[in-house]
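Just the one chain here, the form predicted on its own, laid out as structure tokens.
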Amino acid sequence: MNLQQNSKTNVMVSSRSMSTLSTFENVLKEQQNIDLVTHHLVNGTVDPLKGVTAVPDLLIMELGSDWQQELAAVSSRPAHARPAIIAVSTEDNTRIMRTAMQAGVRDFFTHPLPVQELLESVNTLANEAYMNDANHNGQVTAIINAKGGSGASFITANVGDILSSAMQHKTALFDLDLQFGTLPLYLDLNPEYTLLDALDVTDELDGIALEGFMSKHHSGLHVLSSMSDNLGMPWEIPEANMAYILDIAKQQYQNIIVDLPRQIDPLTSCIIEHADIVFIVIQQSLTHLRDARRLMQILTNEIGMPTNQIKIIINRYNEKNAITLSDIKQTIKNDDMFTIQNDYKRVSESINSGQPLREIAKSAAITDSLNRIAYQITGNHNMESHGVLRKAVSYLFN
């Protein structure tokens, strides 16, 4: 269930110049969300996709002296055989740029390449290609406390905000604590509808209807709350209904992060069985280690979760604590660990104001720790992503 291995965007670079192809390989080789191939065009070939058996998701084409014929060749292809296109030219020519945009090119660059802007454009179009793939499934991440009060809900809210606001991933949070869920409070949301409302009408749900039950945060993050005047009991909810809602959400969102209550029952087991990653949140105490080890055994032995899909988050980490990282790894038998610094002042400010840490302490060490967890979920190591059209293009068409 490793989405990151199955959801890479196929990117092709076409050029008549081997040195240009080599330059693009060096620029893009570190991008973990793409599979890169190069296509060397021989003289006389004006179609950059000539001879290509599998149409890429994204084509980066270097325009040559026959740029008009090259653009005409790709624009004449039927929609299903035409990838998203980034054009690169050796000439800073308004006419070339205008013709490229009219041919459906999504972004335009001139040499020398502005590397950071190119990477932003590639990542944005790669995300779009992923979301437009009718067969894609969003990734499900579950976060659960090993011991009550370890901070899973706070981590869920803040990682979700990073995925939505910084990485521009369409992200939904599910609050599965039907009795004491507080997830919306961390984002200053007042839910109109809840998970229980959605579960009552599963026969009528599709992706658009599911979004209607979501509370919307200004970052673009969607939250399916459990906060309700009606007390929900986990055993009252059919597992099939929960699984159905998850399946719909996986078609609608890139990431679904589920804040699980600290209990193992048919409902939480249903979520874990659908999860691609499970994060267990602990702190540096013997009772946390005991409960985390027990939870690991349940996840692996009883539910059948592969150990490589289970990660440990050490919250409020203090390197001077008598219980060291080595002690934790040896006790829990899991080396895949993330630490979140103990920053009581900023966390308290965030909780009391309902503002995510990224909004009030973007450069703090604790926020960087949460960024790394978001990276783990997505595999995307280019945090900032912006629109793909340059200001010059806006100028041309205004």
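Nothing here was measured: the structure is a model prediction, and the numbers come from that model. Heads up: residue numbers just count along the shown sequence, starting at 1.
One more form of this protein, predicted together with a small molecule, exists but is not displayed; see below.
Partner proximity in the predicted complex: residue 154 to the small molecule, non-hydrogen atom cutoff 4.5 Å: Contact with the small molecule, yes.
Is residue 45 close enough to the small molecule in the predicted complex to count, meaning some heavy atom within 4.5 Å? The answer is no: residue 45 has no heavy atom within 4.5 Å of the small molecule.
Taking any heavy atom pair closer than or equal to 4.5 Å as contact, tell me whether residue 341 reaches the small molecule in the predicted complex. Yes - in the predicted complex, heavy atoms of residue 341 and the small molecule come within 4.5 Å of each other.
Is residue 291 close enough to the small molecule in the predicted complex to count, meaning some heavy atom within 4.5 Å? No, residue 291 is distant from the partner.
Candidate stretches 34-42, 63-71, 342-350, 49-57, one within 4.5 Å of the small molecule in the predicted complex by heavy atom: Of the options, only 342-350 has residues within 4.5 Å of the partner.
Between the options 114, 149, 220, 266, which residue brings a heavy atom to within 4.5 Å of the small molecule in the predicted complex? Filtering the options by heavy-atom distance leaves 149.
Check each of 108, 174, 186, 279 and return the one that places a heavy atom within 4.5 angstroms of the small molecule in the predicted complex. Exactly one residue meets the criterion: 186.
For the three residues 28, 123 and 378, which mark the spot I'm curious about, does each lie within 4.5 Å of the small molecule in the predicted complex through at least one heavy atom? The answer is no; none of 28, 123 and 378 reaches the small molecule.
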